[in-house]
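First comes one chain, alone, set out as structure tokens in the form predicted on its own.
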Amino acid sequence: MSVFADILDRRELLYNLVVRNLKSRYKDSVLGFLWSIITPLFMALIYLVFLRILARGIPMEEILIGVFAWQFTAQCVGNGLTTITDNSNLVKKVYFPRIILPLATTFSNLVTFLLSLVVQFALVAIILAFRGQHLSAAVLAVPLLIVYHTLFCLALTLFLSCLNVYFRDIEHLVNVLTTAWFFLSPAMYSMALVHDLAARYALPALSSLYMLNPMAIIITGYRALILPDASFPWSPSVLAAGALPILFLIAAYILFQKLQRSFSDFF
């Protein structure tokens, strides 16, 4: 509990770091925050234009939900990877709980994600309205999924930020793996495609194995809560897979706390 007490005592530092991260991200940018909306919108549009055949006619609203959710995770991976090394001067000169740095990175990305969700919900509501539909009543539970999603992103940030201090080559490896992870996550397609592949190749376990990917659970969860016709594939294996991000967070926290004692030795 001492770590949480330290963070609470230095909540002003955490707040200032979050604000600094947000300001530096859009510094000297004409469009500023709008880039956090334009980027996933461009990704969704490009996919619809060039890869719609692969998506098998997946509705636009599903792609929007998937890409915006993925963007939050991708930003936490990209920014979180260097959150310690980019603040080496602060780490060397000032004592504070080092965990504040990955927390600040995750929270700043969360702020961007929450603001982008306003636009996402508006776009999805408009698309559904043209079909005579509306957002699902279960949308009220989206904040709970956002908390779950944020905890997973924090785990990624903790894990990658401390490893990058010791192994600088990991930055290049992560960039490659993130691209592969994107295509292995249902951001640009639905779970129906995975089920079809499992049936076509007689691999009934494929769907369960696929749900071991936390982003499969998270993206499918957002769609199930927001869209009136979407559903979540509840099963014992999915429930077990849902616990993995929390276990990963605990492991990442323990690893971070162990390695952070020697951060200053590597700068």
Partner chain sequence: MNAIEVRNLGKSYWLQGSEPQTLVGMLTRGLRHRQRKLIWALNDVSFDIRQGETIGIIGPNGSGKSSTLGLIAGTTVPTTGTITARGRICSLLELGAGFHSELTGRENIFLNGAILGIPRETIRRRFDAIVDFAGIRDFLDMPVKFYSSGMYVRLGFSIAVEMDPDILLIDEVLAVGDVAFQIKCLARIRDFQRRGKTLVIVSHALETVEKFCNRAFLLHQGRLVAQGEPPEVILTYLKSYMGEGSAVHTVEYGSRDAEIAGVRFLNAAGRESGAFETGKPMTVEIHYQANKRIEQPVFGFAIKTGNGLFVFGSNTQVAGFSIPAIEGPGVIRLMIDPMTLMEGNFFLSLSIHSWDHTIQYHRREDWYPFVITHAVGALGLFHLNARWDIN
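Positions refer to the first chain, counted from 1. As the structure is a computational prediction, the values presented were derived from the model and not from experiment.
Omitted from view is the form predicted together with its partner chain, to which the following refers.
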Contact residue in the predicted bound form, chosen from Leu140, Ala180, Val118, Leu173 - any heavy atom within 4.5 Å of its partner chain: Leu173
Contact segment among 148-156, 184-192, 82-90, 128-136, judged by heavy atoms lying within 4.5 Å of its partner chain in the predicted bound form: 82-90
Heavy atom of Leu110 within 4.5 Å of its partner chain in the predicted bound form: no
Exercise: Leu249 in contact with its partner chain in the predicted bound form, heavy atom 4.5 Å: no
Its partner chain contact in the predicted bound form: Leu144, any heavy atom under 4.5 Å: no
Any non-hydrogen atom of Leu160 within 4.5 angstroms of its partner chain in the predicted bound form: no
Residues from 185-214 in contact with its partner chain (non-hydrogen atom within 4.5 Å) in the predicted bound form: none
